[in-house]
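Here's a solo chain for you in structure tokens, the form predicted on its own.
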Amino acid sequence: MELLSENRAFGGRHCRYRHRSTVNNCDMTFAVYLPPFATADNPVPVLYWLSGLTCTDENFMQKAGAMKIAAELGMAIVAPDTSPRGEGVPDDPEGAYDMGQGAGFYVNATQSPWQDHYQMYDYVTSELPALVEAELPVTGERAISGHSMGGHGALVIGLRNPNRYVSVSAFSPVANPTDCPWGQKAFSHYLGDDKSSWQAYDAAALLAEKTHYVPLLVEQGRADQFLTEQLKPKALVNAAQKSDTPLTLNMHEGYDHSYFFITSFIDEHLQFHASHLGLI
């Protein structure tokens, strides 16, 4: 790993790294917050944070206000970039924000020209944790969270890997991407026209068939401009009822899709994950 920057924060360290990703076939960046006293002799558990459309590894760390409570709880946070990037990495030919670079959707692409680089599911679930756990003072205990497209990624990854993540949360997630414009556009390009292959990356579809319990917490603002067309949290509620799976969905009057919403409730989410990671 190449250290790009390091800053002190609340007694801990915020670091940005670059490394060569085998699965994405390009250089990737990610950010880490290590709380005070995280050492090789005292490794700490990790919350993985997945950001949304147009974001990088920097958005959450700089805007969410999560580091203070992470320091108090003794929790590391790892925030990867939202897609592969760089020369030779495909992008939306029309320059749209909802596909291509900055919009990896946390899937393993199977279609040309995306499949050679867009393997974000494998990156988040396998390659990045293996690197982080080998090189940094963290344990193998993981929780996962995210926002919007990243909320979709967190839910999908947590539901598909209940033995690897002790808890899952999301802010304003794309809950049913097979039934919204963002998801349909991205999935048709990344995964092809066979919609049966899309189900593996649809949180509502996965939750409806769920047989193993993993703690789930979702926050959603009622003033979110994407609520009705793109996010569809009711699909999660219906799916949870179908599979008789506990789900906490908090709806908040007046809150929108921005980081103002995330920073308002991030403390509760870190405490939620800390309780399942055995920190409180």
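In this text, all values refer to a predicted model and were calculated from it rather than measured experimentally. Numbers follow the displayed sequence, beginning with 1.
There is another form of the same protein, the form predicted together with a small molecule; it is not shown, and what comes next is about it.
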query: Stretch in contact in the predicted complex with the small molecule, which is absent here, among 84 to 92, 105 to 113, 147 to 155, 118 to 126 (heavy atoms within 4.5 Å); finding: 147 to 155
query: 4.5 angstroms heavy atom contact with the small molecule in the predicted complex for Val214; finding: no
query: His257, heavy atom within 4.5 angstroms of the small molecule in the predicted complex; finding: yes
query: Partner contact for Leu53 in the predicted complex: the small molecule, 4.5 angstroms, heavy atom; finding: yes
query: Distance check, Lys63 to the small molecule in the predicted complex, heavy atom within 4.5 Å; finding: yes
query: Heavy atom of each of Asn59, Tyr97 and Phe226 within 4.5 Å of the small molecule in the predicted complex; finding: yes
